[in-house]
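Just the one chain here, laid out as structure tokens, in the form predicted alone.
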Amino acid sequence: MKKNKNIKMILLFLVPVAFLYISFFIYPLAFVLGTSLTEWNGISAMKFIGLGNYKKLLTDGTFLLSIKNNIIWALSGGFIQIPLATMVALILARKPRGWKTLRTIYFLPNIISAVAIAMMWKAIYNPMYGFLNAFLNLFGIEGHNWLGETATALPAVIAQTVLYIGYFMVIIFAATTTIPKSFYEAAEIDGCTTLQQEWYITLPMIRGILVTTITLAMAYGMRHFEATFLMTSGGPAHSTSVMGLVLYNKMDAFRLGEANATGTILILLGTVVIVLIRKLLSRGDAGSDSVQ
């Protein structure tokens, strides 16, 4: 009798969530998958064309370049932004003078609109009156059109994003606070340096959190859109284009079948990359799965 009552209570809590999940994720996902197999402009009737949209996208040089750029974004987030966030978190965890102020300063960009930050960096990179070129000129270095040349446009856009480590820094910092201080006290008695304590105690103890933050950073990289749209619109010569921007442009041109095929590839590719990176980084660590 008690078991039946528990089952009813479990269903009572699960049904609303399941209803919302099916309504706002499963159904839209099925709709996107279905319409990706059609030629459709959102107004006239759909025309089934099978894998025609996928063949068109996968033979388009701009789309293939966008996939490559998304992977670069993901790797930059996972293997540049997270190590920077980890380094700062470990320093702040030692609670040097002013650590609370520094923690607030590092986190501050996360409460500012991404649009405002992108516009600020666009002004910084401006070849005529931007701060970066003015700063370089002080040392006799000639200015550069950072966003206007294909060699520097993508690194410039990525750099203004990966520098903001506050969100992941706070997560990693919180993880370090769960490590018993007795571990460090014992290490100090044994003569371990601070660097050795971080390497042999802190990093292994927060490995699961590091895998989670790397996964999140790479997921953000795979779905990146805002900064590229605002700073370069995919230019110059499509060198900064990403899949999200391709999707937007196709929707803007009322080619919804192709847009939904782009979205489907983005979802599949993102899922594959994230699953692979989690498997790779969690190998040999039984605790990682439980943390994630």
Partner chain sequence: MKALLNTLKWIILIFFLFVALYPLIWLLLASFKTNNLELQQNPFGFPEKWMFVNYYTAIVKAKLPALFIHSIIVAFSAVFVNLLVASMTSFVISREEFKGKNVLLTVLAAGILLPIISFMVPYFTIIQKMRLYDSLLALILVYSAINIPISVFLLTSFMDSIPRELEEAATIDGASFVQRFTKIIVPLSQTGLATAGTFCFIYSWNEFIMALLLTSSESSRTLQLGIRFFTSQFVTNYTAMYAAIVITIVPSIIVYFIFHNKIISGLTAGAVKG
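Residue numbers count along the first chain shown, from 1. Bear in mind that the values here come from a model prediction, so they are computed numbers and not experimental data. Superpose the two forms; the largest set of C-alphas matching within 1.5 Å is the rigid core.
Here the subject shifts to the form predicted together with the partner chain, a form of this protein not shown in this document.
**Q.** Single option in I179, V88, L203, L75 placed near the partner chain in the model of the complex, where near means a heavy atom within 4.5 Å
**A.** In short, V88.
Q | Triple contact flag L247, M251 and L256 to the partner chain in the model of the complex, non-hydrogen atom at 4.5 angstroms | A | Each of the three qualifies.
Q: Mark Y54 yes when one of its heavy atoms lies within 4.5 Å of a heavy atom of the partner chain in the model of the complex, and no otherwise.
A: Although the partner chain is absent here, Y54 would stay clear of it in the model of the complex, with no heavy atoms inside 4.5 Å.
**Q.** Contact test in the model of the complex: E39 vs the partner chain, heavy atoms, 4.5 Å
**A.** No, E39 sits far enough from the partner chain in the model of the complex that none of its heavy atoms falls within 4.5 Å.
**Q.** Contact test in the model of the complex: I71 vs the partner chain, heavy atoms, 4.5 Å
**A.** Heavy-atom contact with the partner chain at 4.5 Å: absent for I71.
Q. Any of the heavy atoms of F135 lying within 4.5 Å of the partner chain in the model of the complex?
A. The answer is yes: F135 has a heavy atom within 4.5 Å of the partner chain.
(Q) With the partner chain taken in the model of the complex, which residues across 103-129 come within 4.5 angstroms through any non-hydrogen atom? (A) R103, T104, I105, Y106, F107, L108, P109, I111, I112, S113, V115, A116, M119, M120, W121, A123, I124, N126, M128, Y129, in sequence order.
Q) If you line up the core, does I26 shift 2 angstroms or more at its C-alpha between this form and the one not shown? A) Yes, the C-alpha moves 2 Å or more.
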